[in-house]
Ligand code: ATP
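Take a look at this single chain in structure tokens; it is the form predicted on its own.
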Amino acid sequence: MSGFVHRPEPVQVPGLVHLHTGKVRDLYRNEAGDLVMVASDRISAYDWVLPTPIPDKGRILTQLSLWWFENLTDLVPHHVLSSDLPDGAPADWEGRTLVCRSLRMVPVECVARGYLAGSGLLEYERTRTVCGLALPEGLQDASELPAAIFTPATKAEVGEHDENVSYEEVARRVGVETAAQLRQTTLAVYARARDVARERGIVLADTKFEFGFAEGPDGEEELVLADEALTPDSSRFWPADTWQPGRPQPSFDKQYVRDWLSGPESGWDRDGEQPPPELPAEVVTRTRAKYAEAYRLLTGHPFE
């Protein structure tokens, strides 16, 4: 079993039509046809959206995405039109709402990996490949790869796993030209972000992007960066000063949540029939602190 422990009811706002409730974000369309994306404080783990929110998580994700969007515009345009609160929206949407261009979305999660971890590590241990790409012998958990690789995945529904696919499968689904553009842009953005993060004491192990197409200034379709960018939800961030291959790394994300759920204190069986329990206050506090710390280190400003 998986999915929402408690599925939230969409907020009704005059002039906005609710389109979708995701793991973290709620999506609406305004009367101009633009998308309104609201990042909640929901957190997910092991394919469940948990019943306990992490205070300020939605604002941290939104503000960090905005910071990255502005620092990447020379590489790829982004989808944000405004971060102003829509008329009639609840006050608690402030700071976590983006009005965005409506795009023709590419149905692929574009993942860049510079280090071996997660599902990539599991595949490497079986076959010495990641998404069909051959890697050298002797790599370990958290090893830096000889060069960053593009390892796409299919986008899953809430409660399901994203599934890694080969580059050839992406080309079959979206066309050879689009697949090449996705790979080139993903790796270019990753390289820029990896270098920025490294200067700030963070290892960017891997990250995923979503892209769509929109009409550009010259009337031609252009590739646009959408959704979120380089947040602890979409990226694996490790402290650079403690990075050491051969073991799991501490990370700036929901590590405390995963550890507690998988440990004996939770009393939860992730392979059983029961949904996960509420998170204890200490896990919530420590998880929020990790998200805020990632924001501070990357942007150079404390989250307020």
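Just so you know, these numbers come straight off a predicted model, no measurement behind them. Don't overthink the numbering: it's just position in the shown sequence, from 1.
Just so you know, the form predicted in complex with ligand ATP exists too; it's not on screen, but the next bit is about it.
Undergrad: So in the predicted complex, is ligand ATP close enough to residue 227 to count as touching (4.5 Å, heavy atoms)?
TA: Although ligand ATP is absent here, residue 227 would touch it in the predicted complex, with heavy atoms inside 4.5 Å.
Undergrad: Heavy atom to heavy atom, is residue 103 within 4.5 Å of ligand ATP in the predicted complex?
TA: Looking in the predicted complex, residue contacts with ligand ATP include residue 103, since a heavy atom lies within 4.5 Å.
Undergrad: Is there a heavy atom of residue 113 no more than 4.5 Å from a heavy atom of ligand ATP in the predicted complex?
TA: Answer no; every heavy atom of residue 113 is more than 4.5 Å from ligand ATP in the predicted complex.
Undergrad: I'd like to check something about residue 257: if you look in the predicted complex, is any of its heavy atoms closer than or equal to 4.5 Å to a heavy atom of ligand ATP?
TA: Contact check for residue 257: no, nothing within 4.5 Å of ligand ATP in the predicted complex.
Undergrad: Name the single residue among 45, 27, 240, 66 that comes within 4.5 Å of ligand ATP in the predicted complex, judging by heavy atoms.
TA: Looking at the other structure, the residue within range turns out to be 27.
Undergrad: Quick one: of 155, 173, 192, 183, which gets a non-hydrogen atom within 4.5 angstroms of ligand ATP in the predicted complex?
TA: Only one listed residue qualifies here, and that residue is 155.
Undergrad: Of the listed stretches (241 to 249, 52 to 60, 34 to 42, 268 to 276), which one has a non-hydrogen atom within 4.5 Å of ligand ATP in the predicted complex?
TA: That would be stretch 34 to 42.
Undergrad: Using a 4.5 Å cut-off on heavy atoms, what residues in 6 to 26 are near ligand ATP in the predicted complex?
TA: Contacts from 6 to 26: 20, 22, 23, 24, 25.
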